[in-house]
Structure formats: structure tokens, C-alpha cells
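Listed next as C-alpha cells is one chain, alone, in the form predicted on its own.
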Amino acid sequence: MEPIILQPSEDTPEVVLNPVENIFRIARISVPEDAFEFYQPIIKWLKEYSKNPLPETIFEFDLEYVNTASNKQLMQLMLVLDEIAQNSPVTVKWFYESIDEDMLSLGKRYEKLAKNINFEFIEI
């Protein structure tokens, strides 16, 4: 599979989906004008990856801010990761700033949604 590597912009996050180097990461700010359009190729890629995942997938989320539309797409992404985790271990490393209770709370909501994923909450 070809990796997806997207550089961050003012509105879109950094995205790295690279199974060759075992790097799966979404970071920074996610407020794209059309979150569905932005995240659909990422979700599609993950669905393809789910057919032959690595023995273990570690996915890092280091987000500073997520708007409502991005949140909905990230929920879809979590559901795909949860499907992968039914057959191959998946760990989500959820980074959050100590003063940012909203991002910690968002990660906790995803943890409740995705029962098969091991979540690690990392305060920075």
C-alpha cells in the first residue's frame, strides 16, 4: 500500500499513514472546510489496510483542536480501527495538554466507542 502523507495547513491536520515505517499519526488542528471530503480518502485507505494489517497497529492522535464535522469523521475512523482490532492489536496513543480537558474528554469518548482498542492517554 502506498502511504498517505499530508502536510498540515491552517485548517487541516498532519496525516501520516505509513505501514512500511509503522507510523500512523494525525496531529495538530482539524477544521477543514469539508471534513467529509478531507477524511474520506483516509478512511478508505484504512479500510484497505484492514484487509492486511501489521501484527500490531499503533495510531497516534496529537490534536490541538477538532471541530464538530471532524469529530464525526474521526468517529468513523475509530470504528475502522476497532474493526482492525478484532483481529490484530490496535493501540491508540491519545496526546493531550494537561490544561485541555476537552481533548482528554474527546479521547475518552472514542475509548468508549471503540471497545477493542487499547487506549493510552499521554499528558504533554
Partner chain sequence: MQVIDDSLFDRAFNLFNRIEQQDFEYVYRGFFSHNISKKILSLADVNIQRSLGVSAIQKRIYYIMVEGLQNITMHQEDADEYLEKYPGIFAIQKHDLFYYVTTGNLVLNDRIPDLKSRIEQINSLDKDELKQLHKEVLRTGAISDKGGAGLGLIEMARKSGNKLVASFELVNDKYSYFYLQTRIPIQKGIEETSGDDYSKLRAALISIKKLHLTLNVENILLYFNGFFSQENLLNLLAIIKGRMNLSLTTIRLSNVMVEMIQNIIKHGYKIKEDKGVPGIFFLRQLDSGDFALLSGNYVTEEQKHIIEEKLNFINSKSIEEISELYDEILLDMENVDSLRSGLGLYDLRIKSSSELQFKFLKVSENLYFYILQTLIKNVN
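Positions refer to the first chain, counted from 1. Since the model is a prediction, treat every value here as computed from it, not as a measurement.
One more form of this protein, predicted in complex with its partner chain, exists but is not displayed; see below.
Residue-level question: is residue 92 within 4.5 Å of its partner chain in the predicted bound form, judged on heavy atoms? Because no heavy atom of residue 92 falls inside 4.5 Å of its partner chain in the predicted bound form, the answer is no.
Contact label in the predicted bound form: residue 14 to its partner chain, heavy atom within 4.5 Å: Residue 14: no, not in contact with its partner chain in the predicted bound form.
Does any part of residue 73 reach within 4.5 Å of its partner chain in the predicted bound form? Heavy atoms only, please. Residue 73 belongs to the contact set for its partner chain.
Report yes if any heavy atom of residue 67 sits within 4.5 Å of a heavy atom of its partner chain in the predicted bound form; otherwise report no. Yes - in the predicted bound form, heavy atoms of residue 67 and its partner chain come within 4.5 Å of each other.
Quick one: 29, 32 and 109 and its partner chain in the predicted bound form, is every residue within 4.5 Å by at least one heavy atom? Yes, the whole trio is in contact, each within 4.5 Å by some heavy atom.
Just give me the residues of 43-62, first to last, that have a heavy atom within 4.5 Å of its partner chain in the predicted bound form. Counting only heavy atoms within 4.5 Å of its partner chain in the predicted bound form, no residue of 43-62 makes contact.
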